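Only one chain comes next, encoded as structure tokens, the form predicted on its own.
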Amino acid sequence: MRNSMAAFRNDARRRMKSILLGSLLLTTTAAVTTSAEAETINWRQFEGTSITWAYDIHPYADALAAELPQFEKLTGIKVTPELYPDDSYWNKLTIQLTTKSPAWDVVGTGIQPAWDLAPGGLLEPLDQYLNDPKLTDAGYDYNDFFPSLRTALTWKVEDGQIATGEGGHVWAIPHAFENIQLFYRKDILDKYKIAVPATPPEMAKACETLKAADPSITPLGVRGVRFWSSIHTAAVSIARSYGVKDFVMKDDVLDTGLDSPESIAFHKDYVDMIKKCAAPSFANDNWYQVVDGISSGRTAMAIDSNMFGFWNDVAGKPASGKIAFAPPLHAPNAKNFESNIWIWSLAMNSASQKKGPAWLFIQWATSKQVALAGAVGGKLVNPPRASTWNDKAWLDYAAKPEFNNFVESFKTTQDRAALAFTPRVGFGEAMNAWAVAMQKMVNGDDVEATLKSLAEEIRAGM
């Protein structure tokens, strides 16, 4: 496998160096122009420059870091990675950009953090770079990214607030994305004859059965930290199936829906599930703990980003072939599940003094060749380009027996996967408050009273 992978990467490098040409229609809601006859760009036009790329410590970062020598050889541009743990990266990102520091040229972001950054002019709109035939190669093929991802990263800023629809700017380019699924240790559930749960009450019952059979196993891994990242995975995906909305329009005025009857019903079921299923460390658990639990077998099930299961099914790992996949839980009376998406994206710091080299890096890092190399290398999951999901090399790899039903479950879930949040400045503050309220309810505070206080806090900040 290592030899075949090395051969693949070498081939990818050769293809990248030659810069395959093809017709490219660069059309987006941000009015990106057609560039079907553009010539190959000069990849060495910024030779000798050094840039800094900042990102979360993450396998997606590993996938890109492994290919950096290729970029540096292609362009003559030196890239210095700055990688930080998830808990501290987002605060550092906000500080770097709000202080208008030019230290970071390219940053990793998601849709939601970008909502808070774009209105202050802290992110560089990327339309002008996509439109420039001297800076964007004809083979880049922006339309190859899944439409839902392009749409989610395109918006206008009106009166300091996010406005979707035509006429928006492209604020970031997809690097990878995640849909939310239930994944589980098939060996553990089979051993104790536990069916895969489909609703929170079913999950609560399964957890009680598992605890009685083997108290050493934590039934369910979920994030619980006082940060919006613990809401955007399991909580919001399940909540949407109950009809919960973070924000709603009432009498033409924006309001929060987190104290609605649907929200109360969801939180009662969800809190009960957490109490019966999650680890005592729930309040401190982030995705690192979720991954560690499922990979080690100390945790039987998890609801989080689907690729966490994939990474631990890789041949040679202790959990290889033992993790299977299912859609996320849904409300008992719901006909369908819902799955939130998170888009890891690359954006440009508007304070960067090296915007040309920064764009070449973003373009290269999100190219077809690098996306395919990262995917087949087992790190860049899920790849955001349609061409990768149609590529035999990726599908042959992802459909290996050790990955169980990963491809099938991805396709089933992706049919219903969508952004579950309302585009809005102030998203982070409101969702952090939701995460704090969730902890309070799990610790025993009254659900209805806590949600009422949460809604009042959010309204006060609107």
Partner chain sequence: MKGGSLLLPFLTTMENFMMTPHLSKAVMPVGTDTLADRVSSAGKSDSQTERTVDWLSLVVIAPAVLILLGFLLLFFYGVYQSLTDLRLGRPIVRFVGFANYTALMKTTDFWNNIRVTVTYAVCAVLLQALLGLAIAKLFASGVLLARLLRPIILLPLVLPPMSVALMWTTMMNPQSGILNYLLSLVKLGPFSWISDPATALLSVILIDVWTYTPFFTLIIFAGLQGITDDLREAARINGAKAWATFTNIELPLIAPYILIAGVFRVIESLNQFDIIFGTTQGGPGNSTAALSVQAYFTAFQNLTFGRGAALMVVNWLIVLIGAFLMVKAWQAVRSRVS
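Positions refer to the first chain, counted from 1. None of the values given here were measured: they were computed from a predicted structure.
Below, we refer to the form predicted in complex with the partner chain, which is not included among the displayed structures.
- With the partner removed from view, the residue among 120, 167, 261, 133 that has a non-hydrogen atom within 4.5 Å of the partner chain in the predicted bound form turns out to be 120.
- The partner is absent here; in the predicted bound form, the one residue of 49, 412, 52, 432 having a heavy atom within 4.5 Å of the partner chain is 432.
- At a distance threshold of 4.5 angstroms between non-hydrogen atoms, residue 390 is out of contact with the partner chain in the predicted bound form.
- When the partner chain is considered in the predicted bound form, residue 336 lies well away from it, no heavy atom lying within 4.5 Å.
- Though the partner is left out of this view, residue 280 does reach within 4.5 Å of the partner chain in the predicted bound form, counting heavy atoms only.
- Interface membership of residue 450, defined by any non-hydrogen atom within 4.5 Å of the partner chain in the predicted bound form, is ruled out.
- For the three marked residues, 98, 428 and 457, a heavy atom of each sits within 4.5 Å of the partner chain in the predicted bound form.
- Look at 138-146, 300-308, 233-241, 272-280: in the predicted bound form, residues with non-hydrogen atoms within 4.5 angstroms of the partner chain sit in 272-280.
- Of the residues in 202-228, those that come within 4.5 Å of the partner chain in the predicted bound form through at least one heavy atom are, in sequence order, 218, 225, 226, 227.
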